[in-house]
Ligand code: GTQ
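Heads up, the chain below is alone and in the form predicted on its own; it's given as structure tokens.
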Amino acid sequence: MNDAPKLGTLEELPLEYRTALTTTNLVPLWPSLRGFLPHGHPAPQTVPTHWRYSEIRPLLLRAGELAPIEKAERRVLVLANPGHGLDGLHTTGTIYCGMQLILPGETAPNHRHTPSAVRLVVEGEGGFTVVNGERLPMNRGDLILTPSMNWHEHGHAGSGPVVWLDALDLPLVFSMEASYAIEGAPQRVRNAPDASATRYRRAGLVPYTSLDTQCGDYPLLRWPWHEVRAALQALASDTEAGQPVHLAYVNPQTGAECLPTLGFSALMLRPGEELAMPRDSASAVYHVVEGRIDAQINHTAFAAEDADVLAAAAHAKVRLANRSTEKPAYLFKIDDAPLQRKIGIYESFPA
């Protein structure tokens, strides 16, 4: 039952009064109040959406022919949610995702920007990202961090295309009128490749010297997929049926989320398993790393497979089912729960 008071409309006001408001850059709140403060529950613009990699890939490869890296700088196809308009660059209200392509011998030039980003490698070998002088290999399923205002560039020393999923808090930072980038000269690799992952190889173990020194806000920049996958399998052996096998990517020094605004996690569905994900106030994006799943987001059903992407609005009900009765399925999840927790609006609800 909706017991919200009935609000007056703009048309009920005299024309001369509306004109006076307009000429002084004033707007009455009450006619549009429910648009900004819906009664009882949010009214998200994000709609359940499914992007199929089988459809993205040929268009991305065609972009490799049509848009030289020198002109594109970053050759990306944005996963634009139709609820926000295709020119809005929103995958959800706060999350931007895109599929990025780099070809052998190319370099995506060095820059840094206010939005924070991660890269989840979809396919290919020989790609790499350099972040603040640390060269990070890009293998399928790896997660690479490029935090706000950290220098980063991409290259490809192998053969064949390399593709990854970008995820940024760009809609959030852009809405704050704080989004910009700075170009820089190519970086000089200053240490052993993948040094952060070498230092933080095992959970619960950190370099002893880091106990007495400032390690920086982002001590770990790359999470290799083969290690994440093994950790999920180990957790599955100690997780009851019906409970999610779910791991969070965190800062190894603090245990907090690895970025301040967006959260990242890995999910395993055991053979034949079906799960109702815990419902909360965060919007989310799901990327299928391996396997074939059926998903239901609110009342919309999807059949997704390797490298497909799904978007769910805040407060959405999400059910996931592994279509295989023989092999597990693995998903990568992006959400804005860290930001919501910081500003005190995060909520969780019974499934």
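Every value quoted in this text rests on a predicted model; they were computed, and no experiment measured them. We number the residues from 1 along the sequence you see.
The form predicted in complex with this ligand is left out here; the points below concern that form.
Whether residue 246 contacts this ligand in the predicted complex should be assessed with a 4.5 Å heavy atom distance threshold; does it?
No, residue 246 stays farther than 4.5 Å from this ligand in the predicted complex.
Test of understanding: in the predicted complex, would residue 270 fall inside 4.5 Å of this ligand by heavy atoms?
Outside the cut-off, so no.
Can you tell me if residue 119 lies within 4.5 angstroms of this ligand in the predicted complex, counting non-hydrogen atoms only?
Output for residue 119 is yes: heavy atoms within 4.5 Å of this ligand.
With the cut-off set at 4.5 Å between non-hydrogen atoms, does residue 74 touch this ligand in the predicted complex?
Residue 74: yes, in contact with this ligand in the predicted complex.
Option from 235-243, 191-199, 252-260, 93-101 whose residues, in the predicted complex, bring a heavy atom within 4.5 Å of this ligand:
Contact-bearing stretch, as computed: 93-101.
Tell me, which of 79, 136, 168, 162 has a heavy atom within 4.5 angstroms of this ligand in the predicted complex?
Exactly one residue meets the criterion: 168.
Here the chain is shown alone; which of 279, 84, 140, 111 has a heavy atom within 4.5 Å of this ligand in the predicted complex?
Contact with this ligand in the predicted complex is made by 111 alone.
Would you give me the residues of 147-165 that have any heavy atom within 4.5 Å of this ligand in the predicted complex, in order from first to last?
The stretch 147-165, when checked against this ligand in the predicted complex, contributes 152, 154 at the 4.5 Å heavy-atom cut-off.
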